[in-house]
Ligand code: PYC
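Heads up, the chain below is alone and in the form predicted alone; it's given as C-alpha cells.
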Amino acid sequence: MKQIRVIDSHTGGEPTRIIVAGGPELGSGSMVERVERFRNDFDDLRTAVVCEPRGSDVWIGGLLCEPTEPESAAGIIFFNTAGYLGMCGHGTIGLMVTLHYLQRIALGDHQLETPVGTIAVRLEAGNRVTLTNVPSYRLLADVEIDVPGVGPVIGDVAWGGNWFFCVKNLAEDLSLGNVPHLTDLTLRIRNQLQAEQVTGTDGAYIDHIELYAAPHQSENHSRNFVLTPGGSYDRSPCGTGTSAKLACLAAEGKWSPGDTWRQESVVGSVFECSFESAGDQVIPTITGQAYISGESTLILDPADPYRTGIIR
C-alpha cells in the first residue's frame, strides 16, 4: 500500500493540503519541467490526494519539492481537482505556515520557486504571511459576452498567477446563503467565455471567474466571490484573484501604488494587499493568515477501485 503524508491548513477558510512525504520523484529540472512530468507521469496521485473520497472540489493540493536554488526555502507545485495551478496565493500562505510547523523555516524572509516564477515571502508571528506575487496585468478591458439566461456580462481579462475574468456590471448578493446561485452564474459565464473564444495570452483557458460587491465590513474595500477551476468557490479572498483585481484597478487609475486594499471574501475573511507599478504591470503584495488543521497519512490500497479518486 502506498502511503502519502500530508499537512492540512486553511487560509481564510480555504483549505490547502501539502504533500510532505511519499510524493513522486520529479527529478532536478526547473519547476516548469517538473510540473509537466507530474502532469504526464503521476497525475493519478494528484487526483488521489484532492478528489473524493479523500478530498473534494474545494481542496488545493501542493507537492513540496527540492528547490533548484540553494537560497530558496522550497519548490512548490499547486494543483486541484481540475488540474495544475501556476500559482496560488492562499496556498502559498498555507505552505509557509506548514513549513514553520515542520520546523523547516524560521520567521523572516524567504523565497519559493513556482512554475510561474520565484516569489518572495515573509513569515511573521501570529501565522501572518506576506507574499510578493508574480507580475500581474490586465490583458483585455470591458469584454462583453452574452450569457444564456443572464444577458450581457462585461468584465476584464487579467493575469494574477492564474487567468481571471473580473466581472464589472453585475450586482449580486455575495453572501453564503446565495452560493448556489453565484456558482451557477459564474459557471455560465465561464462556459460562455469558452464558447465565444475569449482567452488569456496564447489561447490560455480562463478558469477563474470573479464577482465583486460592497464589503460587509466597513473597514474593507470590496467583497468578492471567486469560482475556481474545479467548480467550487474560494473561501479566502483569493491571492491571485486579488492580484488580478489590483492590476485592473491600476490600469484604470483607481488605486495608487503602496496604498493598502482590504479584500473581503464571501465568508468574511480578509487579505491586505498593495502593489508597486512595473510599467504596464503591477507587482502585488498579499498578506493573510493560515492555521494548521490536520496532519495525516493517506493510504492508497491497490485493491481499492477509487484509490486514485473519483474523476468527473
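What you are looking at is a predicted structure, and each value in this text was computed from that prediction instead of being measured. The first residue of the sequence shown is number 1, and the count goes up from there.
Form predicted in complex with this ligand: not shown, discussed below.
Exercise. Does residue 234 reach this ligand in the predicted bound form, with heavy atoms at most 4.5 Å apart?
Worked result: Yes, residue 234 sits close enough to this ligand in the predicted bound form that at least one of its heavy atoms falls within 4.5 Å.
Exercise. Is residue 223 close enough to this ligand in the predicted bound form to count, meaning some heavy atom within 4.5 Å?
Worked result: No, residue 223 stays farther than 4.5 Å from this ligand in the predicted bound form.
Exercise. If you check in the predicted bound form, is residue 208 within 4.5 Å of this ligand, heavy atoms only?
Worked result: So residue 208 counts as contacting this ligand.
Exercise. Does any heavy atom of residue 94 come within 4.5 Å of a heavy atom of this ligand in the predicted bound form?
Worked result: Residue 94 lies outside the contact set for this ligand.
Exercise. Which pick from 136, 186, 228, 114 sits with a heavy atom within 4.5 Å of this ligand in the predicted bound form?
Worked result: It is 228.
Exercise. Okay, which stretch from 68-76, 147-155, 186-194, 85-93 lines this ligand in the predicted bound form, with non-hydrogen atoms inside 4.5 Å?
Worked result: Heavy atoms within 4.5 Å of this ligand in the predicted bound form occur in 85-93.
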